[in-house]
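Only one chain comes next, encoded as structure tokens, the form predicted on its own.
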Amino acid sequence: MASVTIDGRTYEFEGRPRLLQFCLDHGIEIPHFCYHPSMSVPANCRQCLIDVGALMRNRATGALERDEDGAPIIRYMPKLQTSCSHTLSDGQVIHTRRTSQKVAQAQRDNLEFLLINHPLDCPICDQAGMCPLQIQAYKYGPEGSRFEFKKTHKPKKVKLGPRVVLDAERCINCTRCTRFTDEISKSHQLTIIERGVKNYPMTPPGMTFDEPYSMNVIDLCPVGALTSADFRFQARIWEMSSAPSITTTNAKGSNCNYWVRDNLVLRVTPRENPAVNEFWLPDEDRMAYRRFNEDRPEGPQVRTRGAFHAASWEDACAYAARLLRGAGKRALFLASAHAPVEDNYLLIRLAAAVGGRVAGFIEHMEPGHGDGWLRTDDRAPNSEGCRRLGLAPVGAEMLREEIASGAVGALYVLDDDPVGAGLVRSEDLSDIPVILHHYHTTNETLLSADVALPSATVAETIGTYVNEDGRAQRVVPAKAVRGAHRTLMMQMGLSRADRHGTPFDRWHNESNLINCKPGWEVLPMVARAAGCDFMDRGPRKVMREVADTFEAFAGATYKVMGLGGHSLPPR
């Protein structure tokens, strides 16, 4: 097998890998800006320089040539090479800055050039604290600047599109953004204009940067030249906590991180997963952060004398149980493609315990919305999970006929909106008790509900979702809820500022704690109030039971899923 020596250590390799990626894969740090593993290699930032040599061999015998001390003679290339574009070959000897003063000096000089016209605005830059240029300037750059002249000025606060803002002075011309639009999204909505120190990315004449994946260039930008119009100047990286999760605007289940400050989700960024979304995230997933903060209900409510009144969780669940007992076999349950597998499974158990039945789940299809990549026609995150539980989509005609015939004595809706989805009308439900788990006060079925139970969103719960490709992925809470279950509290990061805030902290706002609960906590409460033997065992044990009960979920335990997911067997 071929081998290469890097900083005195020998590594074996196969094929023809690029040196920079090979080093990154083996934990060898090489500073770089323009390189990205999913895009072409322009080698234009010149920060990843290395010294490359080869062992000299006798042309006639092939034996290694040695010096007077018996050490192999190494012939080095006359100039330093860019590691991102350098292809490894057998027997090469590589020196990074760790073992070569020449490489260290070259990288230090290169950083000095990059910083010549870069504005000194780190204190007000959104990228501060997570900026590769800032980090590398501290680690590898010069101690100070020798440039005492007027810097080149470029346009600032330029809205390239509805979601991306440009500060051209910060740009170091890595071309990551333009390569993304040319090679990945293929929208060709960005290009480099001007020449020399005056150039920067811009949209072509008459074009707006409004493609469905535009905000990926914000993550790609290594210097904060491209920022989010929504998140700009909202918070610093050290003020927020992040939690790994998935997005729920469609059936792809793209992996992401939810960033939280004062218990509000402020932004959504991609989390690398080669099996799902690689490094990318559509804009619709990122802009969905608002749904975790806005129009949220405040505690359970019960309708008495025609009006909603606040109630305790115990009283609301007890009232829901009385409605279910009164309906008996005529209790009809609607599962949800928005709810985790655990909640839907417990809904099936509850329906069986009270003698009712689950009609199925509401499908949320939007033909033409999908693009064959990270957006899908299915606008719900867990349709596949519902199907694997043996549930089928509910038809509007069938549901209306059942209600009109008097076959429905009570309707139990889990985390969905049958009125808003067009399955039924409000007047259809006027004579039927409705128990509703809901995320938002904008839920149209809420006007017909007799019991309203606020549900925890994907950012506030623990659970499992199955994407359209049959990959089961678990989520953990990113933000706290009022009166959190101990299982939720144990999954929250211990270093989160939210955990230690008090009413005396100026940054802390108690009203941002939503009085809601996950379905796997509320459904057993309703079951117990209905006199059913329903154990509250937590989501981990519920998912283990699902994996043991349904062949379609074989092996899908929390341990197996981890944070990257688990491919389920075909249905």
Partner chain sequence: MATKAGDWRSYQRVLLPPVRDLHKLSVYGDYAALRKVLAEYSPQEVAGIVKKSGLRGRGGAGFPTGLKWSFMPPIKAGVPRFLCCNGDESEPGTFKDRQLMEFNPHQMLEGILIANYAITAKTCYLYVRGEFADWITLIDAELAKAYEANLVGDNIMGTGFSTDIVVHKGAGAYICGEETSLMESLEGKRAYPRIKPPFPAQSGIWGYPTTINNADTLACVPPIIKRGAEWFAGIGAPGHPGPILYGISGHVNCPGVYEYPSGMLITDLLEEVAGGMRGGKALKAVVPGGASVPVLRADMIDGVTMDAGSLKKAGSMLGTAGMLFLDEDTDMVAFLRRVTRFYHHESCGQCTPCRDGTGWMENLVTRIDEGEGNLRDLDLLLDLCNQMEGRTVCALADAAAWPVRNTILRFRKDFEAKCRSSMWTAKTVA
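Positions refer to the first chain, counted from 1. Bear in mind the structure is a predicted one, so any value in this text is a computation, not a measurement.
Not on display, but discussed next: the form predicted in complex with its partner chain.
With the partner omitted here, the residue from F113, W238, F233, W373 that has a non-hydrogen atom within 4.5 angstroms of its partner chain in the predicted complex is F113. Only one of N173, Q134, S242, T269 lies close to its partner chain in the predicted complex, with a heavy atom inside 4.5 Å, and it is N173. The three marked residues, S85, I193 and V197, each reach its partner chain in the predicted complex, with a heavy atom inside 4.5 Å. The stretch among 62-70, 520-528, 542-550, 39-47 whose residues place heavy atoms within 4.5 Å of its partner chain in the predicted complex is 39-47. When its partner chain is considered in the predicted complex, K79 lines it closely, a heavy atom lying within 4.5 Å. Mapping the unseen interface onto this chain, E298 falls outside it, with no heavy atom inside 4.5 Å of its partner chain in the predicted complex. The closest non-hydrogen atom of R146 lies within 4.5 Å of its partner chain in the predicted complex. Within 4.5 Å of any heavy atom of its partner chain in the predicted complex lies no heavy atom of V302.
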